[in-house]
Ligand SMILES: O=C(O)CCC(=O)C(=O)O
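One chain comes next, on its own, written out as C-alpha cells in the form predicted on its own.
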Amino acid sequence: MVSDDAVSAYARDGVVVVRGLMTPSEIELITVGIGKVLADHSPASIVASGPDDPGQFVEDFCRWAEIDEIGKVALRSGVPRVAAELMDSPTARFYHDHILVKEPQTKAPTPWHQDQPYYNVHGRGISAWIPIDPVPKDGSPEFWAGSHLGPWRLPRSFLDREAKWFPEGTLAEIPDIDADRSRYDIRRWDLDVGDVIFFDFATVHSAPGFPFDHRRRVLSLRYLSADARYTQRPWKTSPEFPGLSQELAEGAELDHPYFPLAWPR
C-alpha cells in the first residue's frame, strides 16, 4: 500500500506522511468514536492544558475494546497494513489507541519528547496520527527527522517537567530544539482529512497549541512490529495495562487480548 520510496524515507527519517489513506467511511467512524470518548471519559483521561488556557487539550487512552468504531478502524482499516510495511515487519500487532483533542484557541503545546520510554515494550513500534479536522502547518505536530536512530531521551511530565519515569541523569536530555531550530531537520505539514502521519516510537516530536477557530481531533493508533517484546518497568507506564505483569514474562511476545494481531488478518 506504500511505495518503496516511502519505506526508505521512513527508515531514514522515522516519520512519513501517507496522503489520503483514510476513506470517508473510516473518517466517519473515527468522528463517532471520538464523540463517544468526549461524552464519556475513561479513568485514564487527562486534561493536558492549564485552567487559564482559552482552549482545552483533552487526552484519553485505550478505548478500542469498548467503542466499536475505534476498534474497527484500528483492526480493519488499511492502517495496520501500512504500519507493517513501513516497519518492514511481517506483522503489525495493535498496541493501543490515544485520542487527542485540542479545542479552538488552545495554547497548551505538547513538549518535545519520545514515546518509547513511557511504554512497557522493547522493539520497534509505530504510531499512526490520524486527524479528522484539517490541520494547518502552524498547528501540525513537528518531528526531528532521524532522531529515532539516536538514544532514548529522558521523559518528563508535560506540565511540570518532572522526571517521573527514569531518575535524573540516567538518560540523555532532549536538547533545546526551539532555541536554534536550524540545527535540526524538523518536519511538519499541512494536513487534509484523510492524511496520516506515521512515526517511530523513538522519533522526537512535539506539537504546538492550536490557535485556530476549529477543533483538532485526532485518533492515534499504535502498532508493534514482530520483534517487539514485553518488558516489566519499575514505574507506572503510560498507558497502564492492569495485571499484565502477572500474565507475561519478561521478554515474552505480546500475544495477549490487550494486543490483537491487526495485520495480517
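Numbers for residues come from their place in the sequence shown, where the first is 1. Just so we're clear, the structure is a prediction, and the values are computed from it rather than from any experiment.
As for the form predicted in complex with the named molecule, it is not shown, yet the points below apply to it.
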Q. Counting only heavy atoms and a 4.5 Å cutoff, which of 147 to 155, 77 to 85, 107 to 115, 186 to 194 contacts the named molecule in the predicted bound form?
A. 107 to 115
Q. Would the named molecule be touched by all three of Phe57, Leu100 and Phe199 in the predicted bound form, meaning a heavy atom each within 4.5 Å?
A. yes
Q.
So, Cys62 and the named molecule: in the predicted bound form, are they within 4.5 Å at any heavy atom pair?
A. no
Q) Is there any non-hydrogen atom of Tyr95 lying within 4.5 Å of the named molecule in the predicted bound form? A) no
Q. Contact between Arg215 and the named molecule in the predicted bound form at 4.5 Å, heavy atoms?
A. no
Q) Contact between Ser220 and the named molecule in the predicted bound form at 4.5 Å, heavy atoms? A) yes
Q) From the list Ile34, Ile27, Ala207, Ala48, which entry has a heavy atom within 4.5 Å of the named molecule in the predicted bound form? A) Ala207
